[in-house]
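Have a look below at one chain only, the form predicted on its own, in structure tokens format.
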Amino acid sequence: MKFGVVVFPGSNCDYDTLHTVRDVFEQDAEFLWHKDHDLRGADCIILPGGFSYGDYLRSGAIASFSPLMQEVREFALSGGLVLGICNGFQVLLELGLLPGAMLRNTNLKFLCQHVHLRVENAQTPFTRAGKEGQVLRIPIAHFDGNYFTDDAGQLEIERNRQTVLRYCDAQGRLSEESNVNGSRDHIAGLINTQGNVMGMMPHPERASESLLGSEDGRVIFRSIIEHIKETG
């Protein structure tokens, strides 16, 4: 299979992501420049973390107007797999491919630390290699990671089982302390109703090799690869 990693001005996790899918998982992968209009036959598009366009207007807002995003939107609406990591999640929200918005972290500080995540839905192309209730240890690095939606939006998310990952403690328990950025309902990862677009604030590419302190991020990439191989 083939991964396409989108590169924006200000992306800083693009090489990490490419290394993970190409060198760790030995999959075909290449960068996709934001000004192009060609997804180059990718089976899965990844919008990596970083600070696209310096987040000058609002996190992910300017990037959502990049030329390549027209192709990404059409790819997603036709059922193609799209994963947004950190800033990539913010871009997906700005594109309207996922519901809700990102606010500043409740403590108004940039957070760069390992967190624990509970797998809430293991029946997705992005989590099928995991188990519901499984706790993953994956790092975050963001200032605007406080996921928000209104009451009606939250009811819709719950009804459609769109919450894929929740911030928790090491035992999988939900608490105010474990919800490090204040996200509504502890949401750390969210999927669309069609099940082919997922955004997550934690960085699985930074937890895919033992030398990084955790390999739990492999669950995400292994799930995608298994799904593509099975569905063709």
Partner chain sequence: MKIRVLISFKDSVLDPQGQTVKNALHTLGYDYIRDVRQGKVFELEMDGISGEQLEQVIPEIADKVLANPIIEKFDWQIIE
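Every value quoted in this text rests on a predicted model; they were computed, and no experiment measured them. Positions refer to the first chain, counted from 1.
If you look for the form predicted in complex with its partner chain, you will not find it shown, but the lines that follow are about it.
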- Message: Looking at heavy atoms inside 4.5 Å, which stretch does its partner chain contact in the model of the complex, given the options 133 to 141, 68 to 76, 156 to 164, 96 to 104?
- Response: 96 to 104
- Message: Check Arg173 for me: does it contact its partner chain in the model of the complex (non-hydrogen atoms, 4.5 angstroms)?
- Response: no
- May I ask you to check whether Phe148 falls inside a 4.5 Å heavy atom distance of its partner chain in the model of the complex? yes
- Message: I'd like to check something about Cys112: if you look in the model of the complex, is any of its heavy atoms closer than or equal to 4.5 Å to a heavy atom of its partner chain?
- Response: no
- Query: Is there a non-hydrogen atom of Leu108 within 4.5 angstroms of a non-hydrogen atom of its partner chain in the model of the complex?
  - Reply: yes
